[in-house]
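The chain that follows stands alone, in the form predicted alone, written as structure tokens.
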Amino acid sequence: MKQKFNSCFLDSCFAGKQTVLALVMSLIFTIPGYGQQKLTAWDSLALSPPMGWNSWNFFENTVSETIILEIADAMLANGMKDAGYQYIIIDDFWVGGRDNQNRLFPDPVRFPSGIKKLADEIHHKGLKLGIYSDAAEYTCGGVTASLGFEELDAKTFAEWGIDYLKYDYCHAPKDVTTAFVRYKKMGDALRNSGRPIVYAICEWGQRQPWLWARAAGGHLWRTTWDSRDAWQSNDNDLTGIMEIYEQQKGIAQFAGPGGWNDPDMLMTGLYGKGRSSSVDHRFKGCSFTEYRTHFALWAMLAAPLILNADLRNLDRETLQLITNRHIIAINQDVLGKQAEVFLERNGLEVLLKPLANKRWAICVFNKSNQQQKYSFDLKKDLDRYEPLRVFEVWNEKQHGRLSRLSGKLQPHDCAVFLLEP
């Protein structure tokens, strides 16, 4: 299987040892049959893409134990836990510093009870707690991070009962060699901590982590800059949903049970209220149609489903979307395949995702700014030759045998189908 490298990766921006490392990692992960080997206990921590909630975009530096507990209660009350969401992740700004034994401690004002007690309460509710650090001296927000203290911090997280670590890369060198070494050091520390902790590598895709992050111990790895609450940002420094979507093409082969491409968190339900995702209030959010497509695309891509919105105040339409059992089942399918674009026509894209038991998920996506009609022959256009039953996800309509998918889509809308023999 050939792996395409962009020109930057093979030129002076990744010269010398770092290029060699990336090429070696690429060869490892493109060996025929890779990914079909027996999964280890470490891999089994993320046999399907993680589902949960993260504090960053909505609460940013105001996150507190009170907010985390209220979010947990909301997740129980609104049906999200029953739908499969389990991780509640505290992002940046939770750290108060290090004590005289160099152990991290939380901000005493916003987390007065400590992280261990908070984790115990989260676990009592049947949920899991995630936390955040950075592979440098300071986090993106400028508080104490983990460089040089990986073993101690991993042991501390384990003692607190942490279940998930998001590990960022602000204030770190740009080369891939250093990134691999730093991430592997924390990965090894987590493995040896005595507690199963999902490891989320967050270096923003700049060093092509899909080539090496699994070897560093990662269960998921960011493939892009931070997502902004905009359908398309048209800004080189701020990444919209569509810019991120385009960046996922060509890397599906690296995702699967135990390790996932991560196109960043879901903007669904924010409606411009995110502190970080709507920088200086310049982004007003998306329409419900766009959020629905965003959610469906991430499910098709086998991406982690990590929400940011205020779960305490979700509107009914958004709640029904994010708990849609059919879309979640597509995302969580045990086969663990990431969808790829199978067909492009007149502003439409058709994504095809293989599912277990010889089933398929199809997403017909209208990228254009005009209404589009679609009509696809299952045999001629989509290479599906066996007789198939078709289920329309949004309206939950079951069809008998169909030979053609057809309909019309408003701008930025999508239709999702399940096909089975």
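If you're wondering where the values come from, they're calculated on a predicted model, not measured in any experiment. The numbering used is simple: start at 1 and walk along the sequence shown.
Separately, the form predicted in complex with alpha-D-galactopyranose exists; it is not shown, and the next lines address it.
None of 299 to 307, 72 to 80, 140 to 148, 123 to 131 except one has non-hydrogen atoms within 4.5 angstroms of alpha-D-galactopyranose in the model of the complex; the exception is 140 to 148. Put simply, residue 56 is close to alpha-D-galactopyranose in the model of the complex: some heavy atom of it is within 4.5 Å. Among heavy atoms of residue 204, some come within 4.5 Å of alpha-D-galactopyranose in the model of the complex. Using a 4.5 angstroms limit between non-hydrogen atoms, residue 153 is distant from alpha-D-galactopyranose in the model of the complex. Although the partner is absent here, residue 220 is not a contact residue: none of its heavy atoms lies within 4.5 angstroms of alpha-D-galactopyranose in the model of the complex. When contacts are defined as a non-hydrogen atom within 4.5 Å, none of 243, 294 and 414 contacts alpha-D-galactopyranose in the model of the complex. Site annotation in the model of the complex: the residue of 311, 104, 265, 330 reaching within 4.5 Å of alpha-D-galactopyranose with a heavy atom is 265. A heavy atom within 4.5 Å of alpha-D-galactopyranose in the model of the complex is found for exactly one of 290, 175, 226, 349: 226. Contact annotation for 91 to 124: residues with any non-hydrogen atom within 4.5 angstroms of alpha-D-galactopyranose in the model of the complex are 91, 92, listed in sequence order.
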